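Take a look at this one chain, the form predicted alone, written out in structure tokens.
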């Protein structure tokens, strides 16, 4: 099954705007529940956006109970993905090792670990020496302590999209690449979408356009508070395998892991101009900052060769939590955006929860917590672990 080059069919039950991992996961789960009248509209090629540009980390180590519990379920779905979907995502559960430099970070880590343990996640606080026992190449000078959960891991992002897309199309969904949505009219029986390939009438519309979701929402008169933020990553020449966990430095947000082919895949956020636009260009500023941070904790990487550097768009909400459900006064228009850097890892469980909501009207608690109106109501609780 391949994406179609023809115009979308004239009518459908659900139109999904955004062919990234979130939109495809929801389409896949809808198909499993017998909903095949779905059209997915992607503005570029498959894996063009954040889903194809991330570091592949999947972890249960978060600072909020909702994210911990969601990710515990999501990782279980990742474990069965190859069998369920028939494609290998190269899941490697080597753990996540978070490093803390200051007493403030130690206190934050202690709070996070206590909450994770109450949620059934076996994260442990360990000493710098114990961290070096897990990764002997670490320079732990100035490291106060570390947090380690051996069940966290890394996957290869692209097979996620390929698998979800293939199975969604097998269930009857249409996937249209290089198809822009330029206008949306509200109609008595739903919506009329004006696309670069013609009109599409849909009873319901799901906005899963990631960093482009505010622009899509404006087409129906909704202003969203999430903003795009450029996040940059690089990959090195392959080295003999030596690094099992994903390592992350709390002080700077640096993270790095080793792929199955031996490359070091590493990223870090750098300040950027916030003008509301999506920026994907790579910068020397990123390379300079990353080199300084990564060699401080792993000196052996000081002479490694960089093969490729790229950028992807974080979709940043004000509190670090997603925006889900229908905005007030626009029934049938659904939001699934604002995931910052963890939409990829949450896509398996969010797809399942959202499909249940669309098919059966099931209202999971996450819809109440992540409603758009919380920002006006002032009931937000920021997520502290927005990194790696």
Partner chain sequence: MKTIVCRCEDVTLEDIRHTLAAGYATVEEVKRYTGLGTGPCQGKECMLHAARLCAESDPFLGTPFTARPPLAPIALGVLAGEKD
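Residue numbers count along the first chain shown, from 1. These numbers were taken from a predicted model, which means no experiment stands behind them.
Another form, the form predicted together with the partner chain, is not on view; read the next lines as being about it.
Are 89, 314 and 342 jointly within 4.5 Å of the partner chain in the predicted complex, each by at least one heavy atom?
Not a single listed residue reaches the partner chain in the predicted complex, so no.
Which of these stretches, 331-339, 24-32, 348-356, 47-55, has heavy atoms within 4.5 Å of the partner chain in the predicted complex?
The contacting stretch here is 47-55.
Is there a heavy atom of residue 294 lying 4.5 Å or less from a heavy atom of the partner chain in the predicted complex?
Flag for residue 294 set to yes.
With the partner left out here, check for me: in the predicted complex, does some heavy atom of residue 186 sit within 4.5 Å of the partner chain?
Close contact is absent here: in the predicted complex, residue 186 is far from the partner chain, nothing within 4.5 Å, heavy atoms only.
Residue 108, heavy atom within 4.5 angstroms of the partner chain in the predicted complex:
It does not: once the partner chain is placed as it appears in the predicted complex, residue 108 has no heavy atom within 4.5 Å of it.
Contact between residue 308 and the partner chain in the predicted complex at 4.5 Å, heavy atoms?
Residue 308: contacts the partner chain in the predicted complex.
Only one of 217, 290, 113, 145 gets a heavy atom within 4.5 Å of the partner chain in the predicted complex. Which one?
After the contact test, the surviving option is 290.
Taking 4.5 Å between heavy atoms as the contact cutoff, choose which of 125, 278, 177, 85 touches the partner chain in the predicted complex.
Exactly one residue meets the criterion: 177.
Interface residues of 261-275 toward the partner chain, as seen in the predicted complex [heavy atoms, 4.5 Å]
Contacts from 261-275: just 261.
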